[in-house]
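Have a look below at one chain only, the form predicted alone, in structure tokens format.
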């Protein structure tokens, strides 16, 4: 088991954003996390990535190590990388520089060595830049390496956010609504890139996505949150027909057949 989460909870005042959630991921799995707005999906991502700390009783093991309570940079160094629903690229930096920032947690030299300019530092810089250019070529952004990131199109920015996460050399890649705001053509292109990266680097992937068709067509297992609680989990075919999922998304007043048709076409 690559990721083992037990009893994760997070309250904000009197609001239970995440309540006693368990989550286990096998290595190489693609897991979908779905649920209505405000169901706790992004909060769960923030707990996994160390942005928030779980409340007492919650534990997380990653690749056999207890990583509960570690800071975000420590989580990242161990092999968990994420993207954000709201893109957080460095617009004034070049596309290549954005990837170099992502790779920073794997830098093997400190500030004194960089200032002195030792030969080993320059060799490391050349090696890393070559590695990042190879990654840019793989995701289709090599021709834009020296362009300011702020000049990229929306679809290209999504690819850059994905590339920056991959620059961290993750074992687990977490994607928070990666297709938000994209046209259907660009959604397909992004998903094709994610699948290609998964195969090339042997990734395990978690996807939060409101476009249900993306999750249903891509994921091995889907977990469903509502009001901070996990209400269902299983293969996409079973989730589509789960009455708790139907009620969470559209309420009880709609005919089941109508709701199922909606979930299958979304």
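Residue numbers count along the first chain shown, from 1. Not measured: the values here are computed from a predicted model.
Not pictured, yet referred to below: the form predicted together with a small molecule.
Using a 4.5 angstroms heavy atom cutoff to the small molecule in the predicted complex, none of 24, 58 and 61 count as contacting. Put simply, residue 246 is far from the small molecule in the predicted complex: not one heavy atom of it is within 4.5 Å. In the predicted complex, none of the heavy atoms of residue 223 sits within 4.5 Å of a heavy atom of the small molecule. In the predicted complex, at least one heavy atom of residue 41 sits within 4.5 Å of a heavy atom of the small molecule. Although the partner is absent here, residue 36 sits close enough that one of its heavy atoms falls within 4.5 Å of the small molecule in the predicted complex. In summary, among the residues 186, 85, 193, 156, the only one with a non-hydrogen atom within 4.5 Å of the small molecule in the predicted complex is 85. Look at 41-49, 234-242, 215-223, 194-202: in the predicted complex, residues with non-hydrogen atoms within 4.5 angstroms of the small molecule sit in 41-49.
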